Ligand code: LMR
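Only one chain is shown below, in structure tokens, and it's the form predicted on its own.
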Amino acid sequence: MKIRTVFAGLVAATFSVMAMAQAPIVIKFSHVVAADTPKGKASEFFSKRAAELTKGKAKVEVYANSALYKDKEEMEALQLGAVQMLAPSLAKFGPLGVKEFEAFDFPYIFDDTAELHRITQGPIGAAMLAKLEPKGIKGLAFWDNGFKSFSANTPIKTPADLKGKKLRIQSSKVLEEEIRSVGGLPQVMAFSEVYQALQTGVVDGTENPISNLYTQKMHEVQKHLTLTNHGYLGYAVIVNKKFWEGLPADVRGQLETAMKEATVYANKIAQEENDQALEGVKKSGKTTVYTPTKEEKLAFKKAMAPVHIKMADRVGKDLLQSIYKETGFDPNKL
């Protein structure tokens, strides 16, 4: 009887160990925007492909709309290992001490996605991601959202129309200088707080890709939108470095493949989503959409050009020059 009891205990322990061995590796993927934005859809795509490629060995749980952490908290949570994966906007790395990422905040530094991708998908982008590793962060990919436009409750046709306006921005010294260059008053604020701030008049306007403006219903509390396309908003998909390097090699390789596929998908749908969101804003009838003339857009470029000179030392003049070489941008020729 005693032998049977011991044997039964050994069998139970064996099955328990087997069950533990077969339990999927859970990856919590947190982000602050809506599930139906380009980033939200790409995150779900990655989750699905990760499950398929790892054959269930890894389970990616996606938490949208700041369900786990607000954007001010998520980076610390990643570094502590409370969450394994994030896709923060590139402006988030400046406060972390990796100021090079604020190069993406410089106004009009990219004319289109082709110029942008020469940076994010080339050696400059790879070198920038590598700078995160001393912070305990592994950079996996860049995902597009789109180019930002200004919104407010009054018409915006010239830089002077933004003078004195309180405009919400992400935490970025470059973005602060950008807003000051057109006479605005920069207001750093968490993304999750923007709608209410616009609704109550705490801020007068903001800058966003259209998909963010639309999915967060900001167009319902902003009467005017001008398609300035003055700045880029993108994300870096990042993971806790210790966690990532501790994964089984086969699983990590399969997740890398899933991430490559998700990145292609994310960048493909970004423009499509923004185009659809713009149509949604127009059809709502709540916001007047204005497309600036070539001359009006040039006026915004000229007004913002000094930002490149004033903030060059913050991100590194050599880095800026290497980007200019790829994009052909020259703030001194505007």
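Keep in mind the model is a prediction, meaning the values are calculated, not measured. One-based numbering along the sequence shown.
Below, we refer to the form predicted in complex with this ligand, which is not included among the displayed structures.
Undergrad: Any chance all of Ser172, Ser181 and Val307 sit within 4.5 Å of this ligand in the predicted complex, going by non-hydrogen atoms?
TA: Checked in the predicted complex: no contact with this ligand for any of the three.
Undergrad: Can you check 101 to 109, 196 to 204, 86 to 94, 118 to 126 and let me know which stretch has heavy atoms within 4.5 Å of this ligand in the predicted complex?
TA: Heavy-atom contact with the partner occurs in 86 to 94.
Undergrad: Within 4.5 Å, heavy atoms only: does Val281 come near this ligand in the predicted complex?
TA: No, Val281 is distant from the partner.
Undergrad: Since only the chain is shown here, I'm wondering whether Phe191 would be in contact with this ligand in the predicted complex (any heavy atom pair within 4.5 Å).
TA: Output for Phe191 is yes: heavy atoms within 4.5 Å of this ligand.
Undergrad: Is Asn208 near this ligand? Define near as a heavy atom within 4.5 Å, in the predicted complex.
TA: Asn208: contacts this ligand in the predicted complex.
Undergrad: Given that the partner is absent here, does His219 sit within 4.5 Å of this ligand in the predicted complex, heavy atoms only?
TA: Answer no; every heavy atom of His219 is more than 4.5 Å from this ligand in the predicted complex.
Undergrad: Between Ala270, Val32, Ala277, Val62, only one gets a heavy atom within 4.5 angstroms of this ligand in the predicted complex; which residue is that?
TA: Checking each option against this ligand in the predicted complex, the one that comes within 4.5 Å is Val32.
Undergrad: Which pick from Leu167, Val239, Leu233, Met259 sits with a heavy atom within 4.5 Å of this ligand in the predicted complex?
TA: Going through each option in turn, the one that passes is Leu233.
Undergrad: Looking at this ligand in the predicted complex, which residues in 52 to 71 have at least one heavy atom within 4.5 Å of it?
TA: The stretch 52 to 71, when checked against this ligand in the predicted complex, contributes only Asp71 at the 4.5 Å heavy-atom cut-off.
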